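Heads up, the chain below is alone and in the form predicted on its own; it's given as structure tokens.
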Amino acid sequence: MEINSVQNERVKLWDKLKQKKYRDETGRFVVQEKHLILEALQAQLLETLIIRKGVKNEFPLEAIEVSDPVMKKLSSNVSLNDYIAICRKSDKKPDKKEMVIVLERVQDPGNLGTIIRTAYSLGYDAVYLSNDCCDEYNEKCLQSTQGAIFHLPVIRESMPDIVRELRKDGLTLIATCLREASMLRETAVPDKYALIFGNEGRGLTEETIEASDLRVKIEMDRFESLNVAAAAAICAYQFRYGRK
């Protein structure tokens, strides 16, 4: 199949997926990097493969060929993409809940994507997002996950619901904050736990801190705080491999 016109109805629908509103309505999103397309294919979430005319199809499925103007309309990259994929959002649930990361009000998609990538790399079971976190299917977030989002359950709920669910499942809730907190290296690691990280500038809400079972902070010599993605990586590694 070929599509040559930017006025084609399918092209118009695909183009709308650049907006969160339409990603939410359709449960679909756009992937623009070859390695991410391969990850989506492996996870069986790829629905439609779109290839620029004249480019060899290197994927094991049929593709729709499109003209350069169509590919330019669909692309967000400065250079013209050779491939674009339309994917389904994952509804993957965690097989178990022993180590999870919880994010409250995280707004930077690069931070969010990096934390999802870190969680997957270190073997965490899921990442939970409060409803006021940025969109995990934002293009910058997708790129930052390096494909981890296709394999790791990422669950979005209200923060009170997340707290209730994880507590019901027997996890110890560990808030990262500066006030009345134990040092990270001195904190014993529970059998089942949720590491909770907050907004880049404001940290966790008081409600979430009060609802937690433990509070921890990272030992530092100079600045008091770190970028949330860096803090999450340090804490996640320490809790995963530095068990006391």
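Just so you know, these numbers come straight off a predicted model, no measurement behind them. Counting begins at 1, following the sequence as shown.
This next part talks about the form predicted in complex with another copy of the chain, which is not shown.
- request: Quick one: find which of 212 to 220, 59 to 67, 172 to 180, 26 to 34 has residues within 4.5 Å of another copy of the chain in the predicted complex by heavy atom distance.
  value: Among the candidates, contact is made by 212 to 220.
query: Is there a non-hydrogen atom of Gly147 within 4.5 angstroms of a non-hydrogen atom of another copy of the chain in the predicted complex?
result: Residue-level check for Gly147: yes, a contact with another copy of the chain.
task: Evaluate Ser121 for contact with another copy of the chain in the predicted complex, applying a 4.5 angstroms cut-off between non-hydrogen atoms, and reply yes or no.
output: Ser121: contacts another copy of the chain in the predicted complex.
message: With the partner left out here, check for me: in the predicted complex, does some heavy atom of Leu74 sit within 4.5 Å of another copy of the chain?
response: Contact with another copy of the chain, no.
query: With the cut-off set at 4.5 Å between non-hydrogen atoms, does Ile234 touch another copy of the chain in the predicted complex?
result: Ile234: yes, in contact with another copy of the chain in the predicted complex.
message: By the heavy atom within 4.5 Å rule, which residue out of Thr114, Asn81, Ser90, Asn138 makes contact with another copy of the chain in the predicted complex?
response: Of Thr114, Asn81, Ser90, Asn138, the residue with a heavy atom within 4.5 Å of another copy of the chain in the predicted complex is Thr114.
task: Given another copy of the chain in the predicted complex, answer whether the residues Gln19, Glu98 and Gln107 all have a heavy atom inside 4.5 Å of it.
output: No, the whole trio is out of contact, none within 4.5 Å by any heavy atom.
field: Partner contacts for 28 to 44, taking another copy of the chain in the predicted complex and a 4.5 Å heavy atom cut-off
entry: The one in contact is Glu39.
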